[in-house]
Structures are given as C-alpha cells and as structure tokens.
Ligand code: PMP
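Shown here is one chain on its own, the form predicted on its own, set out as structure tokens.
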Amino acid sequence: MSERDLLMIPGPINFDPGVLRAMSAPTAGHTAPEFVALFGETLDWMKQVFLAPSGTPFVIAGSGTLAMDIAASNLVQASDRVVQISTGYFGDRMVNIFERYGAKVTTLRADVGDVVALDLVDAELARVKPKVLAMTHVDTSTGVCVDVHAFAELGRKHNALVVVDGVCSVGGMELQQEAWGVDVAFTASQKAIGVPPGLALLVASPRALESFKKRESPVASYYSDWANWLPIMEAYLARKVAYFGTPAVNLVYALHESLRQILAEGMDKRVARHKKMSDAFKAGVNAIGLKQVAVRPDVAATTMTAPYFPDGIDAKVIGKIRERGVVVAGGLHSAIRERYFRVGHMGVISPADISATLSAIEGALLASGYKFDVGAGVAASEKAM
C-alpha cells in the first residue's frame, strides 16, 4: 500500500500521528516505575472509555479473537448454556469459541442485514435459562448493529451474564457498559480505539468476576485465564509491579496516548462525530444508488458501511477504487461475499476523508460502466456534514 493511500477498511484504521509517535518511543522495561505508572493510568482510562467505573480492565497482547476467547473461556464450563445472537461472521465465531469450551449454545441467527427480534430473544432466554447471553454490537461482516441496551435488559431479566463483542463499536458508538448491565465488553486496539493491531482489550464487571471465582473447573486456556491475569491488572491499577507475561510495552504507550485523546474529545462528542461521518457517507452511497447490507437505517452501524455492488458490477471495482488512492475491504459474509464491499469510517476520520472515499468510489464505478449522476455522492455527503 502506498504511503499516500487512504485506508478506509473496518480496521486497521488510519492512526493519529501522536499515537504513532508514542509507540515509537524507546522501550522501557515492563517493571520500570515510569511504565508501571503509565500502564496503571491507561487501565484507569479504559474504565472511563468503556463507561464501567466498577469494572476490571484487561489489556493483553493479542487480537480481537483473543478477547473473544478470554470472555468465553473464563465464563463458561462444560455444559453451561449460552444464547448467542448472531448478525454475521463474528457472531458465528463466538458460537464456535463457546462450543470449544464445552458450552451448549443456542444460536439466534438474524437474516442477512437484519437483527433478531427482542421478543424472540426474550422467549429463548426464558426457555433455555442460559448462563450467558452474548451478542456482537457491530458485526464487521455486515455493518449491522444491535440494540445492546435492550438485549442487556433481557439478559438481566433472565439472570444471564451479558457479553458484548464491541470490536467494531467501542470508542466510536455508544456503549454504556455499567449503566446498561453489560458484564463483559471487549474490543481490539486497531478499530475505533485507534491503536495499531496487537492488543485485546476487555472490561469485566464485578458480577462476571464473581461468577469466574465460583467456577468448579480450571480455565482450559492457560494464556486467557483470569487467574493469571487478574493479579497483574490489579497490581498495575495500584501502581505496583507484577508479572505473568511481558506486556506489549510500546503498544501500551500508543494506547495511553489514544485513550488520552478520546477522553479529551469526550465520549458523547466522539459518538456524535462518528454518527455525523457515518450519516454523511451513507447519504453519499444512497445518492449514487447503492443499497446497503443493513436493511434499515436503525440497524446500520455508524463505524462502518457495507454497500452492495450495483447490478453488473463486481469485486473488480475494489481494485479500481484503490487505483484512486483509497483502500476499502471486500465482502466477508459467506452468503453474500461476492456482492458487496465494506468501508470503515472510525477513529480520526475527517470530512475530507469521507469526500475522498466517495470520490474514489464514484470514479471507479464510472470506469466500470455504471451509469449514475456523477458527483451526486460527494454532493450529498457534503450537504449532510
């Protein structure tokens, strides 16, 4: 990828220069007093970003899939029941992970582009009586978002632990972990949190930790086991030295700077900015006649958009978009993989980035033979800004 290309995929994203500078600082020892202080502050700030003042944060070297694994392996034992709401590829991945640890999973799978009805979830929770209700806030394969607040209320009603995959939402969309009764929320560093790939980020509620401490069998994953990581995180929060595995020191530097920037912007303003950028991009997509995978505006994420190709246009247009200096992602959901593409608009995204992306899409579609009102997408986007 050229240094001048604009990266507009749903993660990794473009990173703020200050975050990249922080990551390039000389590496300290993970027991050095200055690092202990910085890591402790980073963990405190994570609780603020997740809006979980009573939660316990975990920052562990790994990907978003590791964060999924941490949630599942610590909360379930063999034969525990789980209800999983799936709106795409990553909801199905969570099913696989829960089953790997012996859970009996009931999957409520939405039609492509849609969400599962609340009354259906309520009925299944009453029937199954699960230990865990899990969902993907934004499934990156479809750009569909679920109503976490409403589903979490149902989980609480039926005494289930509520687990939220926030990989494509935390830091860009509203997720009030503690107020909404979410027991475990997790993300990965390279999405709306705005840090290069390599950190699994998770916050656990007191209820989740209480459940973990009552488990009768050891966690099957050694690396994911909270018994190993909880004393480490508690020590850093207390500005004390502890060791289990060497932290990704320079990525923690970057996370510290990014969280500082996020909190300086303010969570409400950040969420509103992401919605504004999303509304502008979706207005542009609509103006040139592209339908979206999300079947309605109220189930469409504000951190990404998944448009279908127009009739007669295929995935070759993605290469033509890249020729114009913008990188977008191809399809991921197996049922529609060849019919759509995906655009991320999160983190330090700007109105200029939205306009440049729409311009590149328009140019690529025009070169591919698609007939439309050239310039309509950019004009509609700028009007919506």
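Small disclaimer: the values here were computed from a predicted structure and weren't measured. Each residue number is its position in the shown sequence, starting from 1.
Only in words, not in the display: the form predicted together with this ligand, which the text now covers.
Enquirer: Tell me the stretch among 76-84, 184-192, 283-291, 311-319 that has any heavy atom within 4.5 angstroms of this ligand in the predicted complex.
Expert: This holds for exactly one stretch, 184-192.
Enquirer: Does any part of G64 reach within 4.5 Å of this ligand in the predicted complex? Heavy atoms only, please.
Expert: Yes, G64 sits close enough to this ligand in the predicted complex that at least one of its heavy atoms falls within 4.5 Å.
Enquirer: Looking at the partner-bound form in the predicted complex, is H274 within 4.5 Å of this ligand by any heavy atom?
Expert: Although this ligand is absent here, H274 would stay clear of it in the predicted complex, with no heavy atoms inside 4.5 Å.
Enquirer: Looking in the predicted complex, any heavy atom of C168 within 4.5 Å of this ligand?
Expert: Flag for C168 set to yes.
Enquirer: Answer yes if any heavy atom of F90 is within 4.5 Å of a heavy atom of this ligand in the predicted complex; otherwise answer no.
Expert: Taking the distances in the predicted complex, the answer for F90 is yes, it comes within 4.5 Å of this ligand.
Enquirer: Out of M46, M68, I354, V343, which one falls within 4.5 Å of this ligand in the predicted complex, going by heavy atoms?
Expert: The residue in contact is M68.
Enquirer: Please tell me which of T302, T140, S258, Q177 lies within 4.5 Å of this ligand in the predicted complex, judged by heavy atoms.
Expert: Checked against the cut-off, the match is T140.
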